[in-house]
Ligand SMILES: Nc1ncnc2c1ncn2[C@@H]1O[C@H](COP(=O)(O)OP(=O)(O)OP(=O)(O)O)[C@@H](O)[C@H]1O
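Before any questions on how it binds or moves, here is one chain, the form predicted on its own, in structure tokens.
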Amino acid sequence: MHVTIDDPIELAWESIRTGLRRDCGARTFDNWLKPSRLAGFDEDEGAVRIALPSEFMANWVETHYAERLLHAWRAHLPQVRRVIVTAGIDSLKPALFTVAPVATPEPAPESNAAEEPTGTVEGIQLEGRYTFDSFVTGKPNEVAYNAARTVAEGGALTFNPLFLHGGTGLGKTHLMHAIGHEYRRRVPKAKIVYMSAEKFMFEFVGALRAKDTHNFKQRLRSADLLMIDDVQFIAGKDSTQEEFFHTMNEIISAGKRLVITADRSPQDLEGIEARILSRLSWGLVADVNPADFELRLNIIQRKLESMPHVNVPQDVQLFLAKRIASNVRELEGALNRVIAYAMLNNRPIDVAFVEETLTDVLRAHQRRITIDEIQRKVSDHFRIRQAEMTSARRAREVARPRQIAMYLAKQLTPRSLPEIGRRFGGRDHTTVIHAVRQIEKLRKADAELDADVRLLLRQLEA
């Protein structure tokens, strides 16, 4: 393995820095990105290393600029496959988004646990920070956590597959990465494949066009651990579902491990073949529920343990845990923002400062209308099943309420058009645009429909 910093890499880095300063603004760039230094390029792994003066700065850059940095590097040098931020200018110790085998303090009971992993991880690379040790457990997620650990430990299973479901930002992705890390530690020679259902579909369609489905099937079915994220995205895709079903059967029949996630339970998945739903329900179905107050407070305290130099008083911790209840990702993002702004402005952190810093976030949480709530309210009003909101049915009695729900989601939530489309059965953003324009037009021409929309608006905003 050879690590160098050559002219093309340095030229690309200078160009990327110029672009970041232009896109992010001088103040943000000077405070967070200007101190960064190109620390090296690993040709074998295609990994660029970037160093910052402190772990906190490295964590902040990873949280806010990980994807942008990777896309920027790939645009300049396609051979770059990942970006690693290091904490400390003179250190090459990986920070938050290093992809590396996870070391654990206790040795595994298996005799081969001390071996270096010689297997492979294909698809989505494992995030070093997403481990079981860093996952904060509580009543809302303990079943999912225990089931995930059981799969990862490599022993005999009484269930297969493991199906994890829950809303955005609740910890499903964290658990998937943790399973991958722990299983790789326990079974170093294992082959692990982790991909989104969307990528499964694209790769399968590509294999069909290239008349090379054999290699695609062999790659997935030879996995010792196969993890598929967001299975709801193959709804309505018949040929993809056919291949997905046979892949599931092969993995399960061979006694290998299968983990699947979705944003809802199998019973609520529309547009998925009954035989797939039956297989999913055959294993263990575990719900990752929204964090309660106690769990949110524990998450804040665990995060602060890794930042001993930061003083966040207990009343501020209680305030954040109480006021930001939507999902864990947003809670952690709010805490990071408070700490970053306090450091930038040299201000002590108190409740008044938090209210000032998080004005927009707190206002949104005072009356946070969710897409699920809109779908439920519209379904009740028009007396249809909520599952019809994500179904493929086009009958007028279903399609019109679905369009109204999309219109309300656009009006009442901050969600993007693509995200709204995904929440309505994986539809394209153009479908949402059409629905919004259609309801806007009908409200002017159809007094009864307009009255329905007005009533739903009052109920949702009450």
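In case it trips you up, residue 1 is the first one in the sequence shown, and so on. All of these numbers come straight from a predicted model, not from anything done at the bench.
Unshown form predicted in complex with this ligand; subsequent notes refer to it.
Next on the checklist: Please tell me whether any heavy atom belonging to Gln301 falls inside 4.5 Å of a heavy atom of this ligand, as the geometry stands in the predicted bound form.
Outcome noted: The answer is no: Gln301 has no heavy atom within 4.5 Å of this ligand.
Checklist entry - Are any of the heavy atoms in Arg184 no more than 4.5 Å from a heavy atom of this ligand in the predicted bound form? => result It does not: once this ligand is placed as it appears in the predicted bound form, Arg184 has no heavy atom within 4.5 Å of it.
Next on the checklist: in the predicted bound form, does Leu280 come within 4.5 Å of this ligand, counting heavy atoms only?
Outcome noted: No, Leu280 stays farther than 4.5 Å from this ligand in the predicted bound form.
Item to check | 4.5 Å heavy atom contact, Pro188 and this ligand in the predicted bound form | outcome: Looking in the predicted bound form, residue contacts with this ligand do not include Pro188, since no heavy atom lies within 4.5 Å.
Checklist entry - From the list Glu270, Asp224, Glu250, Glu332, which entry has a heavy atom within 4.5 Å of this ligand in the predicted bound form? => result In short, Glu332.
Next on the checklist: Give me the residue from Leu358, Ala340, Met195, Val328 that has a heavy atom within 4.5 Å of this ligand in the predicted bound form.
Outcome noted: The residue from Leu358, Ala340, Met195, Val328 that makes the contact is Val328.
Item to check | Heavy atom distance at most 4.5 Å to this ligand in the predicted bound form, all of Val136, Leu170 and His174 | outcome: Looking in the predicted bound form, the three residues Val136, Leu170 and His174 all sit within 4.5 Å of this ligand (heavy atoms).
Next on the checklist: Please identify, from 162-170, 201-209, 316-324, 272-280, the stretch that has a heavy atom within 4.5 Å of this ligand in the predicted bound form.
Outcome noted: Looking at the other structure, the answer is 162-170.
Checklist entry - Taking the shown form as reference, are the C-alpha positions of Arg17 and Arg337 brought closer or pushed farther apart in the predicted bound form, with a change of 3 Å or more? => result The answer is closer, because the C-alphas of Arg17 and Arg337 approach each other in the predicted bound form by 3 Å or more.
Item to check | Closer or farther in the predicted bound form: C-alpha pair Ala342, Lys34 (3 angstroms or more) | outcome: Result: farther.
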